[in-house]
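First, one chain by itself: the form predicted alone, in structure tokens.
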């Protein structure tokens, strides 16, 4: 048996020592070039220890519990490494190791290079807190780790604190996180009131012991509280504000795993704290998932900021995960545990896959940002010649996130499709209509995602450079390419080897639903993935890859046989009669997305302004200025009016803050009287 407890504790210790070392180095102003890289390598070591412990816990299928001393009487920090915690900790460890390797080279440039030791201190602190969030066994410890995660990630987001955009994005992230945490506090207290304990094990099924009204309230509070962190629509506004301004390695972790803390919390609520949920709850989760997926990709299509585009795609993929969870809840409500397990596997598999390919894409964007010195795709172009390795890894991530075979994104989306298709024949008349509608909108989302990454890759890496910085761009350092290469390899491995990986979900479905379905999802000597049986649909990512390679070899063979002997003429590219092709002749990101902007004009509310400067007459313009933007719907119609009302209420409440000590003593006296009156009545 593996020393799981020792491996886990050693990983925490290494994270803590690396964070403390960075803080000491910063406070004592020890400016040594080797300190920050050493902290990064310590993060890799800690991640390897945590990864090994998580794999051991998953393979054993057992649950491991122990306590960590808090130093405070009557309070203990309990650790619970069950299959669900082990799965999320495994994903965290993989991403943490790759980001830490990437950071060795990344910290030589940009805002993080000004205080690298302090940056690595907060980075290790965030990784430590994330590990504790996924493995905490009681509410108190969970919320302590949750707050530590929020604070450490906030300081990482505002690394470039001299920038107004960074400070604004960090503040919005903190405000939204505080609101979400407030909802979690109330929801947890409601469940603990009937469980009689703050321990997660004691809270198992406690949601069904509450009165119907309080049960609904607790579910909604926890769902939307965790939804803030996950970035579901309409609670998503902090993602496109915080992710672009954060250092790219931090953006990779925030999108890859920090937002997954919300998914982990939902998983606990849906399948642990509530033994069974009514149909409306599953339908709510499914609808929120569909809306988040579709609107997320639509807003991504309009973005020209590469990192904001990726941030919106995080919202899209969180929606796809929730579509799997919502389907699982509906199947459980209607007594189909096997189908519920299939949908749950789809959601969890996409959780891991999204973490990997989105982390890869953000790291690729960080390399592009260092090379081209901009996030604006309109100022890029031609980078494939100057950054070939980065372009290749970004292409792998683009294929994976588009759900194209044979990479990992295709596999988890295929499972999601199968769950939605099965729902039409397994649920009552009114409910069954939700499944084909969700499936159709998922297909639309996948198509739009493919179009979006054709735009992202094509405008960024192909054609001619559109700026001097893009012309002078150089390839990323070796460590940065290594981190991306590992993640790109994981995208390929989890796609081609999905049949070997699927069985790790068996202990999780057993824990959540009491059934194991993973053996039925693999057939044909581990070559086929099925939707429960071959009759319900099957696919082989490995065979698809072999077929693609074989088809790709056909043109090569034809060229070798006939093409080499054919006469060839080399001449200039047709330039429409102009003196030569320049960057001005290229297709822009704005032009690429214009057809969809027109189709969905009711959502985007586009505005454009054209100003021309004339030399002699209006028939001879010497310059034309074009400006186009879309209306931020949720900010304009929800959050801006809400902000105005909150500030108005705060201005009125300011009257009670008179500055008089006598008034404050009167407030305290009245409060004590009221507490005594209500206390005597109780």
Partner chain sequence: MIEQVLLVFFHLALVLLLSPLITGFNRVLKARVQTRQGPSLVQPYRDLYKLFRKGMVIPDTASWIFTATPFVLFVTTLLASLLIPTISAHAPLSLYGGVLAVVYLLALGRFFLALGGLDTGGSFGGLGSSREMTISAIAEPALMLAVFTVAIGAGSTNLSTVAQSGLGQSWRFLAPSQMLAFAALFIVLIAETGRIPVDNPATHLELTMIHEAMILEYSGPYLALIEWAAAIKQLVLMTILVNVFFPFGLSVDWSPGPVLLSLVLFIFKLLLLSVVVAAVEVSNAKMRLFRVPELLAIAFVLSALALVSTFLFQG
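Positions refer to the first chain, counted from 1. All figures in this text were calculated on a predicted structure; none of them were measured in a lab. For clarity, a rigid core is taken as the largest C-alpha set superposing within 1.5 Å between two forms.
Keep in mind that the form predicted in complex with the partner chain is missing from the display, and what follows is about it.
Chemist: Okay, which stretch from 571-579, 206-214, 187-195, 325-333 lines the partner chain in the model of the complex, with non-hydrogen atoms inside 4.5 Å?
Modeler: Going through the listed ranges, the match is 571-579.
Chemist: Quick one: of 117, 177, 261, 540, which gets a non-hydrogen atom within 4.5 angstroms of the partner chain in the model of the complex?
Modeler: Checked against the cut-off, the match is 540.
Chemist: Among 398, 137, 129, 370, which has any heavy atom within 4.5 Å of the partner chain in the model of the complex?
Modeler: Only one listed residue qualifies here, and that residue is 398.
Chemist: Even though the partner chain is not shown here, does it sit in the model of the complex so that 444, 555 and 596 each have a heavy atom within 4.5 Å?
Modeler: The answer is yes; 444, 555 and 596 each reach the partner chain.
Chemist: Can residue 450 be called a contact residue for the partner chain in the model of the complex at 4.5 Å between heavy atoms?
Modeler: Heavy-atom contact with the partner chain at 4.5 Å: present for residue 450.
Chemist: Although the partner isn't part of this model, could you tell me whether residue 265 comes within 4.5 Å of the partner chain in the model of the complex, counting any heavy atom of the residue?
Modeler: Residue-level check for residue 265: no, no contact with the partner chain.
Chemist: Consider residue 403 of the chain shown here, and say whether it contacts the partner chain in the model of the complex, taking contact as heavy atoms within 4.5 Å.
Modeler: Judged by the heavy-atom cut-off of 4.5 Å, residue 403 is in contact with the partner chain in the model of the complex.
Chemist: Should residue 158 be counted as a contact of the partner chain in the model of the complex, where contact means heavy atoms within 4.5 Å?
Modeler: No, no contact at 4.5 Å.
Chemist: Even though the chain is shown alone, can you say which residues of 159-189 have a heavy atom within 4.5 Å of the partner chain in the model of the complex?
Modeler: The stretch does not touch the partner at all.
Chemist: So that I can tell if residue 566 moves, could you say whether its C-alpha shifts by at least 2 Å between the shown form and the other one after the core superposition?
Modeler: After core superposition, the displacement of the residue 566 C-alpha between the shown form and the other one reaches the 2 Å mark, so yes.
Chemist: Based on a C-alpha change of 3 angstroms or more, tell me if residue 387 and residue 570 lie closer or farther in the model of the complex than in the shown form.
Modeler: Closer together, by at least 3 Å.
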